[in-house]
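Just the one chain here, laid out as structure tokens, in the form predicted on its own.
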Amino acid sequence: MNNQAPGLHEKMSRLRIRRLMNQLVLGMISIISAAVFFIILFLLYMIVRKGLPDIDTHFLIGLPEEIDAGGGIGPFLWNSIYILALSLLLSLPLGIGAGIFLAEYAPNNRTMEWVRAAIESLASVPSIVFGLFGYALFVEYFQIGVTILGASITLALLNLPVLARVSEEAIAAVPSAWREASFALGATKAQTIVKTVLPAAMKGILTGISLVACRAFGESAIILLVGGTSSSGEMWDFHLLSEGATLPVHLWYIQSEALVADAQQIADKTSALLVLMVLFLSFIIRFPLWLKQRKKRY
């Protein structure tokens, strides 16, 4: 017993040291996370507090002014929503479909490894490169000028690699036992994917959709090169060949070249609106998932 006491004491000492180190590391991570959270919150507050109180209905749907003060951002706000909707309409079926193919149907060979490597490389390409490609394709080759159509397709190309990769990872994370159980009940491959795999992977897929949607809404390089720096000057313009300047591009223009007397006020309000719109987009996309989880709890 006396020989075992020193060894037991040494083990207890090591256990206490490990617990202490665990608490120290956990405390450091908590402090860093809280610091990052409050820094982001402070930055958002500094952006929003200047412009949010002055935003009104006329600013949101009014037409912009070239020289006089008091103009609105209606066409630019509409272009932002319209181009985002068109780009998602093009990219979501293709991106999620590519993710389903890579996770469920693609063979495990060298060709698919090259395909995955190419998708990952495209997902990390700067948006200015896609903008230059869109400019060369739509403005130079097809000679349709800077348009909503060109900006939407180019934004869709920007979204595709991210959507495909995120969808593949989310689908691959679904346990294989779930697929086997579905097959055991007589379901086909397609039925298993639609009714079992996709609902289980929906959380990850919606996260990817939220990321690409918020990124596309705040994109400026592609719009600047392919969509232009101005609008048609009309609200609710559905014409695909109209110029498609969006809120980020309008913000850049206001800050750099605008002649209106209240340029700084317009910039402050536009910045606040951009932040709120991105937060609203993220909430709207993830809201069905939160609603579904809440129903499961009750």
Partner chain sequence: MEKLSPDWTEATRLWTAHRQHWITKYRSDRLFRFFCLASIVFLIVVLSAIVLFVSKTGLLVFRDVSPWEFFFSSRWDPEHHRYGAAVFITGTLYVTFVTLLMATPISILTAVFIAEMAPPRLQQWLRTLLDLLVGIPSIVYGYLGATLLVPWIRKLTGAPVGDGILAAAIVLSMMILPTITRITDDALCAVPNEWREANYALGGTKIEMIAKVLLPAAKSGIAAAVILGMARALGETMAVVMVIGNVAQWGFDLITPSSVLTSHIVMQILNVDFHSTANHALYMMALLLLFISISLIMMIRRLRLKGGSSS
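Residue numbers count along the first chain shown, from 1. Under this definition, the rigid core comprises the largest set of C-alpha atoms superposing within 1.5 Å between the forms. It should be emphasised that the depicted structure is a prediction, and the values quoted were computed from it without experimental measurement.
FYI, the form predicted in complex with the partner chain isn't displayed, but the following is about it.
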Practice item. Tell me, yes or no, whether T196 is in contact with the partner chain in the predicted complex, where a contact means a heavy atom of each within 4.5 Å. Key: no
Point to revise | Distance check, F238 to the partner chain in the predicted complex, heavy atom within 4.5 Å | key: no
Check your understanding: Could you tell me if I67 has a non-hydrogen atom within 4.5 Å of the partner chain in the predicted complex?
Key -> no
Check your understanding: So in the predicted complex, does R179 come within 4.5 Å of the partner chain, heavy atom to heavy atom?
Key -> no
Exercise for review: Counting non-hydrogen atoms within 4.5 angstroms of the partner chain in the predicted complex, say which of L77, A201, L149, L160 makes the cut.
Suggested key: L160
Review point. Within 243 to 257, which residues come within 4.5 Å of the partner chain in the predicted complex, counting heavy atoms only?
Key: P248, L251, W252, Q255
Exercise for review: Could you check whether the CA atom of M28 moves 2 Å or more between the shown form and the other one, using the rigid core for the fit?
Suggested key: yes
